[in-house]
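Starting off, we have a lone chain in the form predicted on its own, written out as structure tokens.
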Amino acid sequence: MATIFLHAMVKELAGRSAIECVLDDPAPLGDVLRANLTERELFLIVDETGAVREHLNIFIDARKIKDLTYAIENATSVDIFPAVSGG
């Protein structure tokens, strides 16, 4: 089972902190998100062009990615949270 963890403001806006996903085969992250998140939750992560929102970080098993075609499998940990910025 792959687990998607939502952090900080993403978690607050989605109203939940983790989504467990059972995968039969490795699948692209984008497909897994579309299949397991509500439309509202998906909109928090992906923009209208289908790309990961600019100020969002996604780590898969502690590796930063922005490519929604990256294949994930069971036992994968996906962490999604807003980038930290200051000024």
Partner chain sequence: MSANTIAVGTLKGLFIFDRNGDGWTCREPQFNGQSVFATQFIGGSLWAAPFTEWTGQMLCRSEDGGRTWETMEHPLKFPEETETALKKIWQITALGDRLFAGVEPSALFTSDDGGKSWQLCEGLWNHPHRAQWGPGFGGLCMHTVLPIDENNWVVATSTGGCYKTSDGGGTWTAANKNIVAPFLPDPEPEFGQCVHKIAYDPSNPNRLFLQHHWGVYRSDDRGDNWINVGKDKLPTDFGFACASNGPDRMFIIPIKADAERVFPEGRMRVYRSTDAGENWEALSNGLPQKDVYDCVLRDSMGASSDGSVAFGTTGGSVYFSGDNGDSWECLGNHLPRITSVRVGTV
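Numbering follows the first chain given and starts at 1. Predicted model, so just to flag it, every value in this text is computed and none were measured.
The same protein has a further form, the form predicted in complex with the partner chain, not shown here; the description that follows concerns it.
Among residues of the shown chain, Phe59 is not one whose heavy atoms approach the partner chain to within 4.5 Å in the model of the complex. Under a 4.5 angstroms non-hydrogen atom cutoff, the partner chain in the model of the complex lacks Leu68 among its neighbouring residues. When the partner chain is considered in the model of the complex, Leu44 lines it closely, a heavy atom lying within 4.5 Å. Contact annotation for Ile72: none of its heavy atoms lies within 4.5 Å of the partner chain in the model of the complex. Contacts with the partner chain in the model of the complex, taken as any heavy atom within 4.5 Å, map within 23-42 to Thr38, Glu39, Arg40.
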